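Presented below, as structure tokens, is a lone chain in the form predicted alone.
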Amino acid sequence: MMDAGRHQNLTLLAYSEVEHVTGYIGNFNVKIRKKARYVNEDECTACADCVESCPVSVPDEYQQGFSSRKAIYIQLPQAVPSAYLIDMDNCLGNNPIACGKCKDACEKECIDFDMQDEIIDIEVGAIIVAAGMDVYDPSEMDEFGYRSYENVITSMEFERLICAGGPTEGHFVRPTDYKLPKRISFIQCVGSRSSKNGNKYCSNICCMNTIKDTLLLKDHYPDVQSKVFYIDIRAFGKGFEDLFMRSKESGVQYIRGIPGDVWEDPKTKNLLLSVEDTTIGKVQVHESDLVVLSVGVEPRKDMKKLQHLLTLSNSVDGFLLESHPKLKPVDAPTRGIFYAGCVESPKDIKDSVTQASAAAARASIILNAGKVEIEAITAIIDTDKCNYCGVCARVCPYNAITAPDRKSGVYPTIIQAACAGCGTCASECVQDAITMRHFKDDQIIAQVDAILEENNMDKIVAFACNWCSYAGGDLAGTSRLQYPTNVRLIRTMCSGRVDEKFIIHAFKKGAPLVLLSGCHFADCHYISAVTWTQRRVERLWNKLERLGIRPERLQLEWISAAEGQKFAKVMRELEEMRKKVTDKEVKETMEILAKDEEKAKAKKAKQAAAG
């Protein structure tokens, strides 16, 4: 970080946060709030005279609360800039000044209680999101006694206790008596791989972090006995298995089983762990001087705010979703934004650095190009048909459409560089004022007509999104999975492109069954477009039921690119449903929809005449 602070091409805005982001790839506008430090960072020499005079002491967050700090402090030893700041939440006050001792002690006169937050606007071509992650708080897991027993600590607290720059200056002690613990137990997967408490996913780094800690203990304190309680050890990285074997050879005992209960001996403050050793099938009680909970990682608490700022989407586990896990692993769905580190998924330092290098390379391509090529699948607005309703601007997942203003006569406009061509706006526009390049309405309707021109009763019309469901069909084919051949796929870039009128037209042409298939909600390539698909289909189900048409004839399925087997299974189930649809039912449907269309035309003509 010190090297970054000295680099001539880098500007570090410490103690700042992003408040607003607008624009698109190559033309982002970022509004940053640089918080008031109340200390002039350019003049401060970090002499610490102000710290000695400050009468306020609060727990030090950096030292995990094992030591205290003053209200004027440096957040961590490697902080850039190396200058103090005042924590106004704990300071005795600056309005009016109730203390001011730090200001009196500062010979450089760096302290300014009148300092205000500064708003900075910058123009950037690309954004790299490296906001990191949070650490799981095991307080809710009562069985381990965290917060109840002082000698139950987390792996993060262990790191501070054994660190040379920690509160005990590297002398490892247990919190109750400040003596070296002779028996230490590590409990793995705390907050990870759990459906009851914590998160269902593996946090990636916990196993190797514990193995490293056991080796550290053996190097510094050879007589300390370490026990690791685990489900299974995941040492899949380069050299990781060797470290695991070194740890076992050094005398660390690995016990396959997670303790079900931890309690304290009130006299000795030692801890007793009840655990079933699954290798021998017996319940045992182990006594330890200290218990270390190997806590997992989880998405930042303010992840939703970050998603809203940058128009991003998240996966099922809450981390940010990349554009494509294999082809674009560091790209966000919004073009011009890239990921680095644990904001995208749990990863170790090596993987974080690798991803950061890839993100920097991807961003440099944009910055060096000068111009950005976009696919010709974007939307076009016909202002002659537009009625200023603004629906298109509300449904666009990328905020690529500016809102209209009826009073000033300003129509909505589409930022072509930001538009990804999902087609949700075109499907939701009731005035048919939006046209999609290469996925026009008449092109899709022509495909429906061609499918149902002959033997319509034997066909199933299926609309499949390009990135997931259509790819799932490809996987089913390449895997040679068996399913009926009478399903006819119509590819769209997104399920959000499938207009109600496409489905109604298919039923009017005699389709016995129609399938609309798209990405799972957490996997949507177009951020939130799939949510509008869900709403549209629900409206259609209600309409079909109101007209006396069985809603079951319109099926909605979420199929990912990796679910070839599910694709084949769905097609087989659809074929069984199709066989139950009679010719009479199809003809009645065609008549009902034809009459409904005539009524709609008559109503529209009447409104036009009245207008």
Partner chain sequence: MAEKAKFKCLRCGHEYEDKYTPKVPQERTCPKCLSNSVRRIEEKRKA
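Residue numbers count along the first chain shown, from 1. Given the structure is predicted, the values throughout are model-derived calculations rather than measurements.
There is another form of the same protein, the form predicted in complex with the partner chain; it is not shown, and what comes next is about it.
> The partner chain isn't shown here, but in the model of the complex, which of 261-269, 420-428, 392-400, 526-534 has heavy atoms within 4.5 Å of it?
Comparing against the partner chain in the model of the complex, the contact stretch is 526-534.
> Find the only residue in Asp49, Glu43, Asp583, Glu573 having a heavy atom within 4.5 Å of the partner chain in the model of the complex.
If I apply the 4.5 Å criterion carefully, the residue I get is Glu573.
> Since exactly one of Ala562, Val58, Met577, Leu547 fits, which has a heavy atom within 4.5 Å of the partner chain in the model of the complex?
If I apply the 4.5 Å criterion carefully, the residue I get is Met577.
> Since only the chain is shown here, I'm wondering whether Asn542 would be in contact with the partner chain in the model of the complex (any heavy atom pair within 4.5 Å).
Asn542 belongs to the contact set for the partner chain.
> With the partner left out here, check for me: in the model of the complex, does some heavy atom of His520 sit within 4.5 Å of the partner chain?
Heavy-atom contact with the partner chain at 4.5 Å: present for His520.
> With the partner left out of view, is Trp558 within 4.5 angstroms of the partner chain in the model of the complex by any non-hydrogen atom?
The answer is yes: Trp558 has a heavy atom within 4.5 Å of the partner chain.
> Pro551: heavy atom within 4.5 Å of the partner chain in the model of the complex?
Contact with the partner chain, yes.
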